[in-house]
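Taking the form predicted on its own, here's one chain by itself in structure tokens.
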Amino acid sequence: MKKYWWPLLLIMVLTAACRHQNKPLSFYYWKTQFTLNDYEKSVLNEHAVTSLYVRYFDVDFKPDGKEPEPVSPIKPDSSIRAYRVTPVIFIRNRTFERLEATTIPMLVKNVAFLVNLINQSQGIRPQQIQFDCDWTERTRDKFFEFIKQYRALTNQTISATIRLHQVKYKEITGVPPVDYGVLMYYNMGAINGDNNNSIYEKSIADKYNTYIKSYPLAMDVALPVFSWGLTIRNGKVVELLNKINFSQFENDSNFIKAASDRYQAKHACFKGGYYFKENDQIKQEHVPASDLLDITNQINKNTNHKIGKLIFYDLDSTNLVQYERDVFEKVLSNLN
């Protein structure tokens, strides 16, 4: 029997390698200027990342606007050409609340035109696009019609982000007519400054996990590697602090440590571009590596191994430095 072990072992190793290759690593890029710093480049190179989901622009109505407009289009540099780019368009749900059904064709043409303009500026030709919209029962028909018309115009592969509540209540919110979905496994709790983590809370995720298996779309999954802060004043959250490094507070005499995840302002001051009043509490919310591994355990348990790949949100050195460099491969290898 021993002489058969090596061939069998080789087959097992090759199978595992193929399975790993079939679930590549990718990142979302969510800034208005596409410029990678050295740390971000080194992470991409180290993990052989070739695919990026790049936010191109938002679509929204201005307060006094009569039609939806692009918001903060990205300004890419030539380094974007090194990656296989999937443009991501974030469309605020209120766009479809206000939009007349008869104007959907114009919105489709305008979005396609601007996407093509950005592509042409860098000489890239993406073969697919993703739409990010937290649609509801009220807006699903317009959003789904937008997708159908965009496909008819561009003949592109289309994906859509899927929230956990849209998975659980698919009979109400519907299933978008896309080629695949990306399950956004974060932002599942209320931002209220309590002891829960609004980015990822296992007790809340458990209320949705069992519904993933029956969702009719093939899906990738997006995992959170970002953090933010909450400014809590008189027991209420008054501001969300994005892109702030909490190590700055540790040796700042203007703040004291109030809890394991909180600092308190000793007096009014500025920090990281934000203004704090005396006694303001700053709560950090973050998803540690142990929770990322737990999420993949839940995915393995509840998806019948239908997940295509992992996409980490988002590519920013402020986020990446909070993790050991091998965390992304560990999480990826944990996904069956």
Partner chain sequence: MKEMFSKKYLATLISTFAVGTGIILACAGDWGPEYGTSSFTPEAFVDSGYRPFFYSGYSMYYDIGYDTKHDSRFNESNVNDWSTYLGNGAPVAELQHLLNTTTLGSIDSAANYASGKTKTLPASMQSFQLFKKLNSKTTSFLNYLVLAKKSEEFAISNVQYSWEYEEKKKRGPYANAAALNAKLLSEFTIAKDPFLKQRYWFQLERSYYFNAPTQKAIEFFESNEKAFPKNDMYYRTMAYAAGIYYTLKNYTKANYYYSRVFEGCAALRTVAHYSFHPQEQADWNATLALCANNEEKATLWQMLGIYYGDDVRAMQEIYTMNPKSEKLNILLARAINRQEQEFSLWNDGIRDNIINVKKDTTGNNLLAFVSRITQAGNTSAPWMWHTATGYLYMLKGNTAKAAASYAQAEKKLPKAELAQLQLRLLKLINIIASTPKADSKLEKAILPELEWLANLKMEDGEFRHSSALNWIKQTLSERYKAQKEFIKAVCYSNYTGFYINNSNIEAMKSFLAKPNKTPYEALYAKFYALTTNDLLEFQAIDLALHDKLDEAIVKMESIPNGGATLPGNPFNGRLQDCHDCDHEAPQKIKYTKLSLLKKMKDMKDKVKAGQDVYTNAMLLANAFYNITHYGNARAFYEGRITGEYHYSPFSIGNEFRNMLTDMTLANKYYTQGLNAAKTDEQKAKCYFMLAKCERNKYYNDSLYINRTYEYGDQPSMPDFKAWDGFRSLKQYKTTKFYQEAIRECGYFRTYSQR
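None of these values were measured; they are calculated from a predicted model. Residue numbers count along the first chain shown, from 1.
Separately, the form predicted together with the partner chain exists; it is not shown, and the next lines address it.
- When you look in the model of the complex, the only residue of H286, K271, H47, K309 with a non-hydrogen atom within 4.5 Å of the partner chain is K271.
- Proximity to the partner chain in the model of the complex, defined as a heavy atom within 4.5 Å, holds among L107, I147, I232, M219 only for L107.
- Each of V59, N187 and K277 places at least one heavy atom within 4.5 Å of the partner chain in the model of the complex.
- In the model of the complex, the partner chain lies farther than 4.5 Å from every heavy atom of Y169.
- Interface membership of F90, defined by any non-hydrogen atom within 4.5 Å of the partner chain in the model of the complex, is confirmed.
- None of the heavy atoms of F34 is located within 4.5 Å of the partner chain in the model of the complex.
- The shortest heavy atom separation between R262 and the partner chain in the model of the complex exceeds 4.5 Å.
- Per the 4.5 Å heavy atom criterion, the partner chain in the model of the complex is contacted by stretch 223 to 231, the sole one of 175 to 183, 78 to 86, 152 to 160, 223 to 231.
- In the model of the complex, R55 is the single residue of 40 to 55 with at least one heavy atom within 4.5 Å of the partner chain.
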